[in-house]
Ligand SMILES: Nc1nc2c(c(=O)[nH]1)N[C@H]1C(S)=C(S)[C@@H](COP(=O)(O)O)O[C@H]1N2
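Here's a solo chain for you in structure tokens, the form predicted on its own.
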Amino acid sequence: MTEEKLDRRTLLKTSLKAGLALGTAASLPQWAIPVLAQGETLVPFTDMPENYSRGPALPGATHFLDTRQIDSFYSDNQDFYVVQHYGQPTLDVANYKLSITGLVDNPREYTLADLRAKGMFQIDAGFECGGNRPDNLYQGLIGNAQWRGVRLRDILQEAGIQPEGKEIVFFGGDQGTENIRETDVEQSFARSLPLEDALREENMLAMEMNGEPLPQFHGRPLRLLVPGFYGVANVKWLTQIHVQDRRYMGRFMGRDYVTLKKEMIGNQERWVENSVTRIQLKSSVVRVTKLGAQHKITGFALNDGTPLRSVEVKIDNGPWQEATIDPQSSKYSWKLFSLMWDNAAPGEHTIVSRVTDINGHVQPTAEQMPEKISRWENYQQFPRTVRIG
């Protein structure tokens, strides 16, 4: 995003707030007013504590959104969720270099100036942590931003991947000590992609986030962005890209961020493991508001970029009703949705959403989820409860 575009967006948001203060909310399009209108109030969920809160992002700590407070298509850089596995390193930006190694014809190093000279592009992409969940966090490990950087594919093609190169490994500057077979081993955070996935045109070496240089929390000065994949794939503080001839089996590919679940393998039910990669089809209700006698239900949907057919909301035992999706939504962004709830009766109510993609895949209920014993990939429908006074 250019500075000019960012200023226009800021001006638009400021103008809308001013308009709402003058009572003009009713004349604006529904998705032009993500912030609360004058007189609009949050309806508390009864499935979460009354004093639920979370603090600001802190170095080396996990940070999550209060999803009830989502008020913009783009998550603020200071509030976009953060998960850090080996703390938060500070790289020497002035002398930064990205090395390309392994099975390539042209191993080399890039400075930030070298990368910028390649030509930059931007993309909207939202994602969640592979461990995002409804309990305690209330789906808070999530965010959506506009990213700007260079195409990973261009860098790989310039390196000249040799025929034996099958797996691309991305190493971060964050390091920690692991005890493996009773031995302390220093490890860098790393993830990998098969060559075919790495060469997708949308993959980015990101240097900017929402029109600003990449913040320290989010991998300054360079991070990998793999749209449509869970957050763990988007390696922060990127320092090395390595091409090899076999699957990379580091902790965060082979031992951690691995879902263990039951599947039918042929005619046998077996426990199987898979690395957490593409975002599973998911939606969730995150806010209910009241304005006069009318209520509004708001939520988000995420997936791997497959086009959506619909997002629907069900209230109590009523029919599924199709929600309105924010027209700003793009292939890899989150999709904010809303449904106007008329004539809400006093008392307790249960609200749930489901999303369906163009291939007919429907977000499953909790009962339809595969049996699993790992905490990753929690994409089941998430019923919420509210009390209407």
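From 1 onward, residues are counted along the sequence shown. These numbers come from a predicted model, not from an experiment.
We do not show the form predicted together with this ligand, though everything after this point is about it.
Item to check | Exercise: residue 223 in contact with this ligand in the model of the complex, heavy atom 4.5 Å | outcome: Yes.
Checklist entry - residue 301 near this ligand in the model of the complex, any heavy atom under 4.5 Å? => result No, no contact at 4.5 Å.
Next on the checklist: Whether residue 138 contacts this ligand in the model of the complex should be assessed with a 4.5 Å heavy atom distance threshold; does it?
Outcome noted: No, no contact at 4.5 Å.
Next on the checklist: Although the partner isn't part of this model, could you tell me whether residue 234 comes within 4.5 Å of this ligand in the model of the complex, counting any heavy atom of the residue?
Outcome noted: Heavy-atom contact with this ligand at 4.5 Å: present for residue 234.
Item to check | 84, 210, 259, 122 - the one with a heavy atom within 4.5 Å of this ligand in the model of the complex | outcome: If I apply the 4.5 Å criterion carefully, the residue I get is 84.
Next on the checklist: Taking 4.5 angstroms as the heavy atom distance cut-off, pick the stretch from 110-118, 91-99, 212-220, 259-267 that is near this ligand in the model of the complex.
Outcome noted: Result for this chain: 212-220.
Checklist entry - 305, 334 and 382: each with a heavy atom within 4.5 Å of this ligand in the model of the complex? => result No, because 305, 334 and 382 lack any heavy atom that approaches this ligand to within 4.5 Å in the model of the complex.
Item to check | Heavy atom within 4.5 Å of this ligand in the model of the complex - qualifying residues of 100-131 | outcome: Going through 100-131 in order - heavy atoms within 4.5 Å of this ligand in the model of the complex - the hits are 127, 129.
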